[in-house]
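Given as structure tokens, the chain that follows is alone and in the form predicted alone.
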Amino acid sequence: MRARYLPVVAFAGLVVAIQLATHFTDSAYHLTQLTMTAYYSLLIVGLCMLIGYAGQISLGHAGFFAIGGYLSAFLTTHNLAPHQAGALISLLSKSGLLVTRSDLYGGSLLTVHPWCACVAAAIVTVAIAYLVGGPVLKLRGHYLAMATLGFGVIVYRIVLGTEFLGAADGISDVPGFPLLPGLEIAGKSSLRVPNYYVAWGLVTLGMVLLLNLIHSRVGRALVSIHGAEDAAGAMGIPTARYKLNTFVLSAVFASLAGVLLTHYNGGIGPSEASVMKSVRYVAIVAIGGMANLWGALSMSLVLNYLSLRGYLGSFDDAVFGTILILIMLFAPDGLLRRHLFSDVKRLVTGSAADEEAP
């Protein structure tokens, strides 16, 4: 138990150290990209759980990210004032589920409260994930990859071509996500440091949840499914149910990341649902180690930050595509695979023993 949470404490210390470093070097502007990186990392660790432990590939998680982001953006920006005379809108308003705010031009808007929009996004994501995952997860290998890719393409084309979702322009003027009085998830410079800690705090909580899941009976079942699904089924493990529930859980992680990042950025565009986004997420999980949550999180922190800072330039998608190809060819278990350190230790001790042998 102690060994399980020691990396969590170390990671929390790293988060604090990074913030202090930006403070003393007068480079707090880096926290903006680091906060965005945190929300993408929330998706990454959920996807790592699905790929690395349940053994199910998904090239459509950008679609779940977009579902959460777009639904929350639409509900919190669509003006319901013209319909407030209706019984339903009036009831929602009296229940505190609707809020009144000003738009960019000083006008009054009656919209869904961000918390309600977040809950709605999670519920819709769960429903869609069950509908999609039920038939899709019966497939294996490249058939599963193509099916999830098809789902991602469908979501991308819908958000790109739907007028009330902003089409190619996306949705803007999304309000901040209120947490406490004076604290909200928003891109304001005055809230840069609190937002940084909120984002990485959520990632840390997500890691604790997944680590506990991995070390539970469910986690052991998932490992057995990944290792030999037919044998796991023969042992009485409900493989279909475990795979589907893990798929839904990872989809909720992606949707929540989409909701929070949309409120932080104040908008969302169709590029968030693109196929290359899904390829990027899979590439990060692959290089971090298919069954290594900490490795996937580390690579997400580094690679997403470099991408958001623009260090990869116009070759951003090409870099991630190249990384995925190289990892699949030369290190299919990832550079930071789960048993990397024990393998290195065994190699070193084995070499030492060979040298001492006569």
Partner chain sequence: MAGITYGTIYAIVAIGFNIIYNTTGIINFAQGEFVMLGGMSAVTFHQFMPLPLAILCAVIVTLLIGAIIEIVFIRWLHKPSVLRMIIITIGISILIRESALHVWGESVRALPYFTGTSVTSINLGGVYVTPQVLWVVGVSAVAVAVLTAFFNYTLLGRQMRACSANRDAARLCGVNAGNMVTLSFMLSAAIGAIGGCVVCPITYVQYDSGTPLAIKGFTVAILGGLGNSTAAVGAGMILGILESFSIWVLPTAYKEAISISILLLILFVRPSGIFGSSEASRLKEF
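Model, not experiment: these values are computed from the prediction. Numbering follows the first chain given and starts at 1.
The form predicted in complex with the partner chain is left out here; the points below concern that form.
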Touches the partner chain in the predicted complex: residue 33 (any heavy atom, 4.5 Å): no
4.5 Å heavy atom contact, residue 215 and the partner chain in the predicted complex: no
Contact test in the predicted complex: residue 142 vs the partner chain, heavy atoms, 4.5 Å: yes
The partner chain contact in the predicted complex: residue 27, any heavy atom under 4.5 Å: no
146, 150 and 314 each touching the partner chain in the predicted complex (heavy atom, 4.5 Å): yes
Residue among 154, 126, 205, 228 with a heavy atom within 4.5 Å of the partner chain in the predicted complex: 154
279, 211, 120, 221 - the one with a heavy atom within 4.5 Å of the partner chain in the predicted complex: 279
Answer range among 66-74, 53-61, 38-46, 303-311 for contact with the partner chain, defined in the predicted complex as heavy atoms within 4.5 Å: 53-61
Residues of 300-327 having any heavy atom within 4.5 Å of the partner chain in the predicted complex, listed in sequence order: 314, 315, 317, 318, 321, 322, 324, 325
